[in-house]
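One chain is shown next in structure tokens, namely the form predicted on its own.
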């Protein structure tokens, strides 16, 4: 772990001897050109990505943030009328930097790759094929693959024209945080699968010996899928065959880029058992694949409390009021206070357990805000909390 990416100091909800993530040092590091925010769904990756991108831009960097956000909250928060596959400038960014934002259009990105790799006639055959339309729109892993493809496109463009010096990536809200890394291999394995190759293999040589058996399998598939679906699949694979090598080569280049020292991964989690378990899996996978891990962000932690009244004292006081037969607002507030303290203690325990299992991973805990983030000021506030500034950090 690079020294430039860490600092040591006390932090709320972290063991005092745990390394703290120095977000500003990470954002200011000119050698870091790609920052990937990853983690399971619903942990605040989109907000974290946007806040980091805005903070980096206002500290002088030329930034583009790529999001995959089905709720489409990012456009509203950044003051952009709409987000699509084209980078849009974010207005009212302070400082000398700049910030563009974009949202992945999965099918359009797939179409762009096809048209860039194929002749116009071959591209038309593929783009109009019903099996391709289904594959490019909804096949499992396509969104993750296209997120990596778009990242590769942006990085190549930035290197060519100097348009950006930092790309912040919000990874897809997958069932598993590992899908983003596994998608290229899964998609290419499907397209390169032995069975699909047999569907379009010419009946000569050894293939002739398999024709009878293959005919039985094809007949069974025809009954299940329908003759038209099977023909669409065969036509697509035949047309796509010449492009497949290019797809795999591009995926391998992007995967290598993710392993490069110019890339940094931030694992984002919530202070919940399932989310931190998923974060632990991702940390271990990144280490296994030798990808540069910058640290962990724990979002939406319980805010600190200024009272010295403990959980036990608040519960006992509420019980005394209840036993006395007085149903007061005070008893309800005491119970609420006790529940809040118990939740905060549980969160600290979960974060401490993660830190004990991964003592070398720098972390920052971001307290929950009382309202949703809906503008640049809200994103700036999140950025301050990520950087360890502001109340309760």
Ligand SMILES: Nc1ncnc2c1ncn2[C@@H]1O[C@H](COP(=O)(O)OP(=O)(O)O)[C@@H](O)[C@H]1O
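Predicted model only: the values in this text are computed from it and were never measured. Positions refer to the first chain, counted from 1.
One more form of this protein should be noted, the form predicted together with the ligand, which is absent from this view; the next part is about it.
4.5 Å heavy atom contact, residue 299 to the ligand in the model of the complex = Residue 299: contacts the ligand in the model of the complex.
Residue 61 within 4.5 Å of the ligand in the model of the complex, heavy atoms | Taking the distances in the model of the complex, the answer for residue 61 is no, it never comes within 4.5 Å of the ligand.
State yes or no: in the model of the complex, is some non-hydrogen atom of residue 30 no more than 4.5 angstroms from a non-hydrogen atom of the ligand?
-> It does not: once the ligand is placed as it appears in the model of the complex, residue 30 has no heavy atom within 4.5 Å of it.
Indicate whether residue 372 is a 4.5 Å heavy atom neighbour of the ligand in the model of the complex.
-> Taking the distances in the model of the complex, the answer for residue 372 is yes, it comes within 4.5 Å of the ligand.
Identify which of 65, 366, 36, 52 has a heavy atom within 4.5 Å of the ligand in the model of the complex; exactly one of them does.
-> The residue in contact is 366.
Sort through 75-83, 269-277, 152-160, 108-116 and report the only stretch with a non-hydrogen atom within 4.5 Å of the ligand in the model of the complex.
-> Of the options given, it is 269-277.
Residues of stretch 34-62 in contact with the ligand in the model of the complex (4.5 Å, non-hydrogen atom) | Read in sequence order, the residues that approach the ligand (within 4.5 Å, in the model of the complex) are 40, 41, 42, 43, 44, 45, 46, 47.
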